[in-house]
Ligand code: RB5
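In C-alpha cells, the next block holds one chain alone, the form predicted on its own.
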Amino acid sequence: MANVLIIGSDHAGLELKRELAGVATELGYEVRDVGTHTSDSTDYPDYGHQVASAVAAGEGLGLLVCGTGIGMSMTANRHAGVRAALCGDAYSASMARRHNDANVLCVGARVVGPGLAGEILRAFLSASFEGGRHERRVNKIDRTV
C-alpha cells in the first residue's frame, strides 16, 4: 500500500497545494485532497480540522497550506495526537519529523515560493522519527495539561 498524504488548503494556499500534491505523487504518495478546490474565499479552520482529524485517526500524514501557515498549524495542533509543524525551510521540516515526530506539515503560500515549498515537503516526507531520547520528549508534548 502506498503512503498517504492528506492535504488541505484555504483559497490562499490553493495553487501551492496543487503543486505540492504533484511533488507528493512523484514521491510515491497517495494524495487525498480534502479541499478547498476553488479560489473562492473560505475559512482555513474548515480544512485544517479535516486534515488533522484524518491524521489523528491514523490515515496518513498531513499537509496544510494557507497564506502564512500559522492559522493552519494552530488549528491542527488542537487535535490530540497531531503534531503540526510550520516550516519555512527544509532543515526545519526534516528535524520536525526526525526529532518531534511531526505528522502534519504546514506551509505559508505567501511566505515560501513553490520551489522552496517543494524542497520543504521532500525533506519532511523523506525523514522519519528517530525515537530514542526524542520519544520521551514527544510523549511530554502529547501529555494533556
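A residue's number is simply how far along the shown sequence it sits, counting from 1. Since the model is a prediction, treat every value here as computed from it, not as a measurement.
Another form, the form predicted in complex with the named molecule, is not on view; read the next lines as being about it.
For the chain shown alone, residue 68 is a contact residue for the named molecule in the predicted bound form, at least one non-hydrogen atom being within 4.5 angstroms. When contacts are judged by a 4.5 Å heavy atom cut-off, residue 12 counts as touching the named molecule in the predicted bound form. Using a 4.5 Å cutoff between non-hydrogen atoms, residue 44 counts as a contact of the named molecule in the predicted bound form. Taking non-hydrogen atoms only, residue 78 never approaches the named molecule to within 4.5 angstroms in the predicted bound form. Heavy atoms within 4.5 Å of the named molecule in the predicted bound form map, among the stretches 26-34, 98-106, 114-122, 59-67, onto 59-67 alone.
In the predicted bound form, not one residue of 90-106 has a heavy atom within 4.5 Å of the named molecule.
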